[in-house]
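Here's a solo chain for you in structure tokens, the form predicted alone.
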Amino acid sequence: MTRIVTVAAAQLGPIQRDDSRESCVERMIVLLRQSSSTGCDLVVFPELALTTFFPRWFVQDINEADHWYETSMPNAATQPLFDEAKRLRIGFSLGYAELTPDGQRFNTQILVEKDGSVVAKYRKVHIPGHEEHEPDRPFQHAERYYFTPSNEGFGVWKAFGGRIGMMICNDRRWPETYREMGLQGVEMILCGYNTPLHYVPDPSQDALAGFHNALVMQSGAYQNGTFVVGVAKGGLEEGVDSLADSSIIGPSGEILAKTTTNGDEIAVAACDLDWCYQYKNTLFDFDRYRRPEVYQRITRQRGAIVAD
């Protein structure tokens, strides 16, 4: 018996500062319909899919940024996406900036089932960038100013006939992200990202951005016997080029499908969730082979401590 989930990595091209949420939702509905026509069960949209990547600017008063955040989900702007997905009987995952009633700000992703119900909400744990204005930069990466790192950890939820987890952007670079979900039996991890190029001090390193993006997701998939769906908002956005390279990765670590442009595009793969257990129950049999007693530094300390 097989458990097939056909998934679309629904990549978005750039969203400019003046683009409305309604125009973003219209673009996502187009991708939703394209995905539905291929028989998809689940469509994965990028991180911060409703706005431009606003942490590239700095405002002195954080309240001046409130218009970038969503205070409810769904809301008036996103309800058409929920309605169309429910009509098509297709689920989706969506990343956005969340402002809670008590004033907390999170980089958030939700998972929505085929019947339109919200299965789960995930808030980004590993927030990169900086907290203060750094005027010498060509553009800011002030995520740590705009978002609070979540303390809720990495959940795994029953949905789409399997066990689904979520992560956002920088989370994908940390092996602990995958292992936390792997220890909960995750079978598919959904990840949206915005990865600016020309961010590192040495621009020649941009050539490695796509390699590193694939490296961490492929290794995380293989080492935890899970599918990983990584979805970009790519292209030239407000003068900043961003990585595309959205992909669907199997539990073997192989790339099963990948986008070929940096614009609005879907990559589709039929994912047999039972394939995960060729890796979970043999090569990476956690219960038999893991040695938690010798991994104590992983949770006992943060930075490296070098012995004399």
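Just so you know, these numbers come straight off a predicted model, no measurement behind them. We number the residues from 1 along the sequence you see.
Missing here is the form predicted in complex with a small molecule; even so, the following discussion is about that form.
For the candidate set Arg173, Lys114, His130, Arg163, a heavy atom within 4.5 Å of the small molecule in the predicted complex is found for exactly one residue, namely Arg173.
Checking Glu237, Glu98, Glu180, Glu143 against the small molecule in the predicted complex, a heavy atom within 4.5 Å turns up for just one residue: Glu143. Taking the partner from elsewhere, Phe53 is found to have a heavy atom lying within 4.5 Å of the small molecule in the predicted complex. Among heavy atoms of Pro196, some come within 4.5 Å of the small molecule in the predicted complex. Residue contact with the small molecule in the predicted complex: Val125 places no heavy atom within 4.5 Å of it. Contact annotation for Val156: none of its heavy atoms lies within 4.5 Å of the small molecule in the predicted complex. Heavy atoms within 4.5 Å of the small molecule in the predicted complex are found in exactly one of 227 to 235, 68 to 76, 82 to 90, 188 to 196, that being 188 to 196.
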